[in-house]
Ligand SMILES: N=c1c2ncn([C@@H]3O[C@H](COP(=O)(O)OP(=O)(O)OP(=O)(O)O)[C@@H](O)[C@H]3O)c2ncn1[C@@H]1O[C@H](COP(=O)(O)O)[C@@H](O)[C@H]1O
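As structure tokens, one chain now follows by itself in the form predicted on its own.
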Amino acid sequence: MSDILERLHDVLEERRHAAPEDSYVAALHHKGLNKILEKVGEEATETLLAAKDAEGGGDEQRQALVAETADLWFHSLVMLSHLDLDHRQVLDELARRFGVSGHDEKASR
């Protein structure tokens, strides 16, 4: 499944340098970090609202939460790309934290 992250990374890198009129990703990069952050914030809010609906909802609300989370992850990956970072660094950080108490990890920051 992590293969999808590699494939998405390649597509994001390719589209980052495309013409803004030809690619949504290129258009976001062209508009700059503030626009990308605006989209991340928007998708985060939509994810939170979908989670509230999913808590007492059925399959449709749960699928809506999955879709909103995908949007949030996608725009977060665009943000990382804009800052010359990628998902591997996030995965490495998660791996570093694996097996460490959340309380201990937070205290170490």
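These figures come from a predicted structure and were not determined experimentally. When you see a residue number, it is the position in the sequence shown, counting from 1.
The discussion below concerns the form predicted in complex with the named molecule, not included here.
Pocket accessibility when the named molecule, as posed in the model of the complex, is superimposed onto this form, judged at 2.4 Å from backbone or C-beta: Open, per the superposed partner pose.
Partner proximity in the model of the complex: V100 to the named molecule, non-hydrogen atom cutoff 4.5 Å | Flag for V100 set to no.
Exercise. Hey, in the model of the complex, does D53 get a heavy atom within 4.5 angstroms of the named molecule?
Worked result: Output for D53 is no: heavy atoms all beyond 4.5 Å of the named molecule.
Is the gap between H75 and the named molecule in the model of the complex 4.5 Å or less for some heavy atom pair? Output for H75 is yes: heavy atoms within 4.5 Å of the named molecule.
Exercise. Would L8 show up as a contact with the named molecule in the model of the complex if we use heavy atoms at 4.5 Å?
Worked result: Judged by the heavy-atom cut-off of 4.5 Å, L8 is in contact with the named molecule in the model of the complex.
*Using a 4.5 Å cut-off on heavy atoms, which residues of 14-37 contact the named molecule in the model of the complex?*
Those in contact are R15, S23, Y24, V25, A26, K35.
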